[in-house]
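So this first bit is one chain, no partners, the form predicted alone, shown in structure tokens.
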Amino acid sequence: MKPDLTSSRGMWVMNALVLAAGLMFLSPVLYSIWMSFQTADAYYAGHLDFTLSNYELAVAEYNFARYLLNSLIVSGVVTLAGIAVATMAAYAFARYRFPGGNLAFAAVVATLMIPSHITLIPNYLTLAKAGLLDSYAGLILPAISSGFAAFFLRQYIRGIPRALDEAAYMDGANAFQVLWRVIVPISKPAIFSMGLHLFISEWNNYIWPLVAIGKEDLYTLQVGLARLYRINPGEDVIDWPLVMAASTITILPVLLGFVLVERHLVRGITMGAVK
């Protein structure tokens, strides 16, 4: 049989277009990484001067190692606690009928229409009275309840046949065992997808840490990154290579997290689309 040259040519063109689109999408990130290895003088003069000093300054002098640790702790705990709360709420809404259940679920969905900035002052006053400002608890507690996560997981769990629950109950399992041994394993793609969403949302959160934290030792990466704009190597000059080095440190954990759960993320999206 003769090779289908038209099909091969079309595939080559499609691959080239996809590669070009990918490079266009990544170009700001690649440019930022390239800039992070330049000195400020070389950058403004248009020369090339490779250096690692920007990363050394960001970590050693401007405390970005501490900011990175704070962001990992806050985002990690928010993700784990948020997934646990959302999964239990989703299971209750999907599998049980109780007085006011529909109203409660409608209230959860209604929270999706409330801008997050509206809750800043109530959350601040509540945590101030509880004495939880300037603490990890103050950063974590307002973020562990996610109406979107509960809604998303509830819709996914509703697609799981109830016959699996009934079989587990017949084997002597209780409600918690059904959730942990039946629902959670089947829902792993959706849980991983939502976990990544929660992690990225909290990782990129800037307003609440800026409002709730006054101690520099508790700053997250986003707050620390904003402070670098005030670090000038000269009059009215921003050290953009230093800022880009700090930005690179900020995005690396997110890229690593995406690589680790990418397979589950794609499965969650495709299975949700099929359902």
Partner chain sequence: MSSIELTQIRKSYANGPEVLHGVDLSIAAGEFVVIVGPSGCGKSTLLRLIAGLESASSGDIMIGGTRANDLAPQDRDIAMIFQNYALYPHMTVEQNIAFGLELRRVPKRERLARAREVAEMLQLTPYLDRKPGALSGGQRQRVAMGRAMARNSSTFLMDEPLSNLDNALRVAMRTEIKELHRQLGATIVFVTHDQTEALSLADRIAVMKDGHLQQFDTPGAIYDRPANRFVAGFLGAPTMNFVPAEALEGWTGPREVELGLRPEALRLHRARPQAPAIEARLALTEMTGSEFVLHCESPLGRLTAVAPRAEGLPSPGEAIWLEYDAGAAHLFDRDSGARA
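As the structure is a computational prediction, the values presented were derived from the model and not from experiment. Residue numbers count along the first chain shown, from 1.
Unshown form predicted in complex with the partner chain; subsequent notes refer to it.
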Using a 4.5 angstroms cut-off on non-hydrogen atoms, would I186 count as touching the partner chain in the predicted bound form?
yes
Is it the case that R181, even though its partner is missing from this view, gets within 4.5 Å of the partner chain in the predicted bound form, heavy atoms only?
yes
Even though the partner chain is not shown here, does Y169 get within 4.5 Å of it in the predicted bound form, heavy atoms only?
yes
Non-hydrogen atom contact L164 with the partner chain in the predicted bound form at 4.5 angstroms
yes
